[in-house]
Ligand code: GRE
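Okay, here we've got a single chain as structure tokens, the form predicted on its own, with questions on binding and movement later.
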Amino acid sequence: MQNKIALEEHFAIDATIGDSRVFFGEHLWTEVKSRLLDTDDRLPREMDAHGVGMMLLSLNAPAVQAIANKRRAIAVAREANDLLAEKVRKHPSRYAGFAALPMQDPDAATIEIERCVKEFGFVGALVNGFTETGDSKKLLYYDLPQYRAFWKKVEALDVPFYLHPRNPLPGQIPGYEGHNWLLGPNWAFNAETSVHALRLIGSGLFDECPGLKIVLGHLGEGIPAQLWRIDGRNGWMKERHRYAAKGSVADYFRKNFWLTTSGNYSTSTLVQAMAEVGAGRIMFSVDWPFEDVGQACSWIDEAKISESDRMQIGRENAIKLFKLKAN
């Protein structure tokens, strides 16, 4: 399939590139660092070689969300967004941008997303999970009341918000101690992000902002496989979860969430997600530079799904959701 669109693809700036180094040994870091920094030559060549027409770029993780100091977080977010705007200007037919946001300060985050959408034409924001405050017991999740005005601005701007993973802080979850292999994409990323997404749903956010559009990577961070169980728990006892939201988790998930294939190239998982949310809410992604463009593209090109579904997932859904002017 030609002219695929991929939308969880990352770059780095000097202030954030070290955040990615911790996931790789020295034998791999030189390659990954090169991938993160080279969006002018290496990445377009990878796209051309594998039939990718456009990528939506975002800052690496956890980046801004790991900066406890508000002023520093605001400055780094602006620096990253200014650089990304230049990348998009240089390659307008190949790249679009997601804003990095200083969620340490909801007012500043609101100002920054509006700046990026209105001045730079960014197509949304990508935020790397919870935000740190300097106190491991006071992490900021975005269902908290202080973010309601921010969410109303996102809804008014009519742009998607990509909730991207990050690891829990060291020592935060004792069950990981002595089992570092569970961190990152093996398990902790999807576990952390799925809880955050469910918090947003249970808080009643989507009753207040019914037009919000949230994107989750990795084919939904495991949530699609658990939708029935989440809502159906103890059905024989007529027992239900108690939360602020008026509807079921599945109702909001199918109405307000979109999924991408980033870093999860499993056809059986894709088909299961399609069964839960429909092919119209799933979009192709690679997760560059942490995954390989060729592997991702070969998979989606050959996956045993209909050609109509392949076109929707590979291209058409992204054009519709992000209002892209794609070739």
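Counting begins at 1, following the sequence as shown. Note that the coordinates shown come from a computational prediction; the quantities given were computed from them, not determined experimentally.
One more form of this protein should be noted, the form predicted together with this ligand, which is absent from this view; the next part is about it.
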query	finding
Residue stretch of 282 to 290, 265 to 273, 64 to 72, 49 to 57 approaching this ligand in the predicted complex, non-hydrogen atom distance within 4.5 Å	282 to 290
Heavy atom within 4.5 Å of this ligand in the predicted complex - residue from 222, 185, 121, 202	185
Selected contact from 150, 206, 189, 257, since only one has a non-hydrogen atom within 4.5 angstroms of this ligand in the predicted complex	189
In the predicted complex, residues of 137 to 164 near this ligand [heavy atom within 4.5 Å]	164
